[in-house]
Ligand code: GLP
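In the form predicted alone, a lone chain appears below as structure tokens.
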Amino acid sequence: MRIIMSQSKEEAIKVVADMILERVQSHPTSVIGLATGKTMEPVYQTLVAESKKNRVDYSKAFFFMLDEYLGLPLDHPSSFKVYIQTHLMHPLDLKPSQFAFPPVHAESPAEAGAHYEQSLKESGGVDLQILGIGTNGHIGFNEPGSLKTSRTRLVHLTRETIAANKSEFKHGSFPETALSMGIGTILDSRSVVLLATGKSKADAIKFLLNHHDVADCPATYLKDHPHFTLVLDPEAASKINLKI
């Protein structure tokens, strides 16, 4: 595990954005796994700005989305599909055919998960997976109790996760289920980068660094990955004491 202790939130954000940019510049046909959420919004904003400035060509890259809510219309403003269209696809003028989304509208969630796994396999696998972390240590929507060997599947969201994301649903009820890449799916990625910013993530980061393979904090499974990078801002790192 590599840990990057940034001097500010802005620096941490740029570190992750630069990792994506550099990957595409050096390997134009890269397959990249994308996370969503408030932590990632400034990452994509920075990535878009830097990509335009450096005239980065994304035409041969392909992107897999990490997860998606079940039960939302295709064009729901709080869906992760609309999120990535708004923050990355449209600003960089990328084609819809360059993105794979969890098939949440399939008749069977089990078949949907198997289909997404097959799509990942056919793509050659994810080269760079970007992740955030929940306050309860979840990655993707792999809530506490998720198995290390889990694959893309239907997941039930915890009350904590629902509360943390409820502000995104100003109208209508918050979905209680989602389709998410599994822990095992994520660990298949050739490299994994987790970004944590803000005081609300400090406890989860402290637990992550002090424990290994704990189901109550799925992020601890990432420490087994040979190419796992943890990027922290000062607030997320405020409860740890590392001398690097």
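One rule holds for the numbers: they count along the sequence shown, beginning at 1. Worth saying up front: this structure is predicted, and the values here are computed from it rather than measured.
Omitted here: the form predicted together with the ligand. The next part is about that form.
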Spell out, yes or no, whether the shortest heavy atom distance between I205 and the ligand in the model of the complex is within 4.5 Å. no
Report whether the minimum heavy atom distance between F80 and the ligand in the model of the complex is within 4.5 Å. yes
Should S189 be counted as a contact of the ligand in the model of the complex, where contact means heavy atoms within 4.5 Å? no
Using a 4.5 Å heavy atom cut-off, state whether G132 contacts the ligand in the model of the complex. yes
The ligand isn't shown here, but in the model of the complex which of K38, K199, H212, H27 has a heavy atom within 4.5 Å of it? K38
Per-stretch contact check against the ligand in the model of the complex, the hit in 161-169, 70-78, 145-153, 105-113 (non-hydrogen atom, 4.5 angstroms): 161-169
Need the contact residues for 86-121: heavy atom within 4.5 Å of the ligand in the model of the complex, sequence order, or none if there are none. none
